[in-house]
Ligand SMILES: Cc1ncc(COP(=O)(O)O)c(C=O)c1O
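Before any questions on binding or motion, here is one chain by itself as structure tokens, the form predicted on its own.
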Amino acid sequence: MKWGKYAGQDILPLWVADMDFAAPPAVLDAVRERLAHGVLGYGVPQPSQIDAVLDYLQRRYDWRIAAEWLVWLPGLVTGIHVACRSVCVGGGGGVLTNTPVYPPFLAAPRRSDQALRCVSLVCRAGHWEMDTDALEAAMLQNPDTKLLLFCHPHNPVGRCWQRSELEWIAEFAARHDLIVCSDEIHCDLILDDDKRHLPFALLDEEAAKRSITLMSPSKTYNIPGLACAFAVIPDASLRQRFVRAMSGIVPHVNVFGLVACEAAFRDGEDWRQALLAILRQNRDNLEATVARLPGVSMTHIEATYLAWLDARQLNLADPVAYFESQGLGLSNGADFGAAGWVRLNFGCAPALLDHALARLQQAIKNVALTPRA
């Protein structure tokens, strides 16, 4: 999909969050072995696969969960939609989220006939933060809101939220009786050495009780096409509502996704460390290049392989169309709730990024020749 969008055109695809790297050898070997079995029936998580998830969460985050807390999903976006349908039952209540944000956060509530309230993140001194006053005001205006969709780490601004910020969210949620659906799909892609991902549900028992944590190996190990994710839902009543909302609609995870998940979590760490080294190199190269360019800016990327570029000063009528005309395929900030911005995926070979950055520099020089808004 990533490369097919611009097939036959001289446009480098740096848009959808899909890296260019081959999956870890352990994952490819596991898929080959499963294929050699020959019978491709319905997938049911095996004990070894469940244990792999439990071991991974304990090893990586010291998070000890019970097997019954797991709900397997054919994708994290599915989990976002199910959360909206299960928490705000019958159209009652509403959903709160921060913008800019991953587009399904904006689409899922509307597709579930839920009122969506958006509060903008704020950028202070080159650092993205939650606007706590605005969040409080949103709840005062809409006290029937039931669900907070929370992106952690954040796509697209690249923040790795820290304990004090998570604690504020937990206190806020408890005070307003909100369920927190925490999208943690980028949790293993922390680029800053001095930061560490802390699962929201690991804060304390109260946070766990009102949490739906969505995770998947798909982004870190570049296997989104195998469609395997899971929710961790400690509270039995909330978990039952979630499962009930899936009934008859959400398909089982396929057999390849399950074995790939196990292999990635058990044997993918060396590959992940090598990946992080490349992503840090690319991140640093990108940040240094953008810092030298007039009319476009970005903040430091703490996590993910996605850069959030402010192109508003270029005053382009259609930033995405303009950059496509310059050979760069980027994601439209309007889809994230922020027109005038673009998102750039740097999960690619360093040489390809060098090529893209050369085009970006030339594109900025050429802005004077383009029609303005």
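Because the structure is a prediction, the values reported are computed rather than measured. In this text, residue numbers run from 1 along the sequence as written.
We do not show the form predicted together with the named molecule, though everything after this point is about it.
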| query | finding |
| --- | --- |
| Contact residue in the predicted complex, chosen from Val296, Leu178, Leu202, Leu76 - any heavy atom within 4.5 Å of the named molecule | Leu76 |
| Contact residue in the predicted complex, from Lys219, Arg210, Arg241, Arg85 (heavy atom within 4.5 Å of the named molecule) | Lys219 |
| Non-hydrogen atom within 4.5 angstroms of the named molecule in the predicted complex for each of Ala17, Cys151 and Ile185 | yes |
| Contact stretch among 76-84, 251-259, 269-277, 287-295 - heavy atom within 4.5 Å of the named molecule in the predicted complex | 76-84 |
| Contact of Asn282 with the named molecule in the predicted complex (heavy atom, 4.5 Å) | no |
| The named molecule contact at Phe265 in the predicted complex, heavy atom, 4.5 Å | no |
